[in-house]
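We begin with a single chain expressed as structure tokens, specifically the form predicted on its own.
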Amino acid sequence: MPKITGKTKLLGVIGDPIEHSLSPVMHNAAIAKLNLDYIYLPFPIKAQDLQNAIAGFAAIGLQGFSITIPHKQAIIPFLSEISDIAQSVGAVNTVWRTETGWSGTNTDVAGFIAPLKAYNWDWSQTTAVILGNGGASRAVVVGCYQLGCKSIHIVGRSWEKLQQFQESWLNSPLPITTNIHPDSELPELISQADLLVNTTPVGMYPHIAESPVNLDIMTRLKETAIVYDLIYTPKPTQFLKYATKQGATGIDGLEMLVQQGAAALEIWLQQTPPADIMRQSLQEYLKGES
């Protein structure tokens, strides 16, 4: 257990609900390894209390905090500045104190691309196919742009929402171009995908038998493809089981969770956190929960 004194600095995560958050597990493990006088706490904040909470955080000297649902967009008016990445994603998940107020960014993008950088690919020749057009999809799109993917394709069920998603990038500070497709075009797109990403909740525990793409369509997948599921429970998902059955490489969402957290800690602590300790703490925790 960490030794908490009157000098201990505070970090935390806000959300509603917040009980499910794994951030305290991995962040406190990293802080303990670094032997720093910090502690990372969960703060349950309801939407109507957000402004008061932010003022309270300033009053008690909170050093920084993570943000989860439903505050990732609502937090923006209370920040003095946000990064171009956060502006492009349209959401903030990491906030820190500055002399002029609170600043925010989105480390989900860094978390998403971290495991992909391990593959020595010429990303300028790759086609990315992204399933879903919600908030998580936005961070993936920015990540694919940063990697330099040749083309980025978004597949969704609602054509109206897909059009809104595509139009939303017109105001982005980053010159991002997306291609939108109804899910009826997925069989053809699958065969073109070098990187296939699931950003939907389909297949998440307890619905572990479900997959956003059925096995018949997944048989069209290239053996050389990387298939990435943002879900980390179960491990692996049915989607990744189908992918690896075709010879493709599978990546689950645990690494993205670890790496986005590591990027946030580096901002707050101004030193490189031990991502291996963060990963190990989550694996042990999830093993105990299963």
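None of these values were measured; they are calculated from a predicted model. All residue numbers refer to positions in the sequence shown, first residue = 1.
Not on display, but discussed next: the form predicted in complex with a small molecule.
Just one of 136, 176, 116, 190 comes within 4.5 Å of the small molecule in the predicted complex, counting any heavy atom, and that one is 136. Site annotation in the predicted complex: the residue of 150, 161, 181, 97 reaching within 4.5 Å of the small molecule with a heavy atom is 161. Listed stretches are 29-37, 239-247, 226-234, 52-60; the contact stretch with the small molecule in the predicted complex is 226-234, by a heavy atom cutoff of 4.5 Å.
Relative to the small molecule in the predicted complex, residues 90, 141 and 144 are all farther than 4.5 Å at every heavy atom. Residue contact check for residue 157: one or more of its heavy atoms lie within 4.5 Å of the small molecule in the predicted complex.
In the predicted complex, the small molecule sits within 4.5 Å of a heavy atom belonging to residue 201. Contact annotation: residue 256 falls within 4.5 Å of the small molecule in the predicted complex, judged by heavy atom distances.
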